[in-house]
Structure formats: C-alpha cells, structure tokens
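Taking the form predicted alone, here's one chain by itself in structure tokens.
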C-alpha cells in the first residue's frame, strides 16, 4: 500500500509538471511528433535516474537495478529456464510445412538475425507489423493454422529468432509517412494513458517505479523492455510472448485487455522498440 500511495503521489506530481510544461510551449511545438527527440529524452531520463547502470544493461530489466538480483541473473543464465523453449523453437523453425516450405522462406536472411528489425511499418497496409504477426502470416500463407499469440508455440518461435539476433542493436525505422508517425504517436499515447480500476498507465510502473516491488513483482524499466522478449517468468512457470506481457499488464491493473495483436498493442510495441533503438537484443530473457 505504501508503494501504491507513493506511485499515486509521484504520478500526480509528474502530471502537474507535464501540464505546466505543456502550457508554456507554443501549440505547434507541443503538437509536433518528434520520435528522435523522444528517444533521446527517454534514454536520458533513465540514465539520469540510474547513473550506475550502463545504457546497454537496461535490457536486463530488474536485474540491472540491483546488484544482488544481477548476481542471481548471472547464476540463472548458466542453466537458463528458457532453454527448453529455445530448443523447441529451433526445431519448429526448421521443420517444413506441409507444402515443403519453412519459416525461412518468409523472412529476409532466412529469418536468422532479423529480430532487431521488428516491428516495422508496412506502407502498403498502412500499419505496424510485429514479429508475432509476421510469423502467423507466414503460417497462413503456407496453408497452416495460426498459433495463439499467448501460448508456448509462438513464444518458442520468437525465442529462437531473438536468440539469433542477440547482441544486435534494435534498429526500428519510422518512414517519412504520416501514417507511420500516427502509429508511433498512438503507441506513445497508449503507453502514458491511465486505465483500469487502479488507474495505472504503463509508465506508472515502468517509468516512475522501475526496480521497486509491487506485490511479488519487481518492476522493469521501460527502456529496453521489449529487447528481452519473449521472457520466462517465474510467476508464469513458463514462457511469455510480448502479447502475453501486454494482456497480463492490463489484467493486473484490473483493466480489460485488448485482443492480442490489436492495433494499440502493435503500436505501443512500435513506440517502445523505437525509443530503445541502439540497445542490444537480449532475448529470450528470464524474469523473477
């Protein structure tokens, strides 16, 4: 309860500060969408808040916030709990569909080392395409039924593809297209908008309170949070996709989750990925 009260007070102070700042800006400056400036400010906020944490280490989530947790993470990585999913994903990725093709036929470079390029904005469709969506589209294009976005099969496939990109910097592009800017801005708005009975936003936990505990969960910083996906969570006793993480967060604040891969979820993944550009892919990851 003390943490919740502190969060509310800090949130109120932050909201007041933002309102004050916005009132001093010219309307055209306040309305301008500037992803480059956003990303720079986002990184600066976290590096100022946690000056002892190296920029690239934010992808390690709560383990980057606490020395004891970091040691636990190093021990855990000797026998990673996600290894079963990684092996499953590698086997699934190479297994031919009924028509003889594989996932490699659907992706650049055979799907190896491309995780850092997702999500991307598709100009033909006018929307954001995530890796999870691309995988299911690949399946459907080859006569296979799509997988659930929140179950083990999708987690395994994305775990393997993330592993082949480990260490590569996130490299999300926002093309010179007003629809792409709108998707980015909508994702940003979703991230900072309060919802649910607890009246929390994504930022309430992952910007204002990373490293703190809420119930049994240690909150991760928003910077680099998607770079580690998918993740094994002790709370789940299994793997979870980005879609599972988003829907679970909505449920935890007593809100109504959207459908996995809904426009809003894909847009918020686009936003979080862009502001984490340059940080390494570290997935699959593990969390307490």
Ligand code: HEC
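Because the structure is a prediction, the values reported are computed rather than measured. Numbering follows the first chain given and starts at 1.
FYI, the form predicted in complex with the ligand isn't displayed, but the following is about it.
*Asks:* Which residue, 181, 218, 92, 106, has a heavy atom that falls within 4.5 Å of the ligand in the model of the complex?
*Replies:* Only one option qualifies, and that one is 218.
*Asks:* Can you pick out, from 86, 214, 174, 112, the residue that has a heavy atom within 4.5 Å of the ligand in the model of the complex?
*Replies:* When the ligand is considered in the model of the complex, the option within 4.5 Å is 214.
*Asks:* Is there any non-hydrogen atom of residue 201 lying within 4.5 Å of the ligand in the model of the complex?
*Replies:* Within the cut-off, so yes.
*Asks:* According to a 4.5 angstroms non-hydrogen atom cut-off, is residue 62 in contact with the ligand in the model of the complex?
*Replies:* Result yes; residue 62 sits at the interface with the ligand in the model of the complex.
*Asks:* Please run the contact check for residue 42 against the ligand in the model of the complex: heavy atoms, 4.5 angstroms, yes or no?
*Replies:* Taking the distances in the model of the complex, the answer for residue 42 is no, it never comes within 4.5 Å of the ligand.
*Asks:* Taking the ligand as it sits in the model of the complex, is residue 47 in contact with it (heavy atom to heavy atom, 4.5 Å or less)?
*Replies:* Residue 47: no contact with the ligand in the model of the complex.
*Asks:* Quick check: do 229, 233 and 249 each get a heavy atom within 4.5 Å of the ligand in the model of the complex?
*Replies:* Yes, because 229, 233 and 249 each have a heavy atom that approaches the ligand to within 4.5 Å in the model of the complex.
*Asks:* Pick from 158-166, 96-104, 206-214, 73-81: which stretch has non-hydrogen atoms within 4.5 Å of the ligand in the model of the complex?
*Replies:* Only one stretch passes the 4.5 Å heavy-atom test: 206-214.
*Asks:* From first to last in sequence, which residues of 43-58 have any non-hydrogen atom within 4.5 angstroms of the ligand in the model of the complex?
*Replies:* The stretch 43-58, when checked against the ligand in the model of the complex, contributes no residue at the 4.5 Å heavy-atom cut-off.
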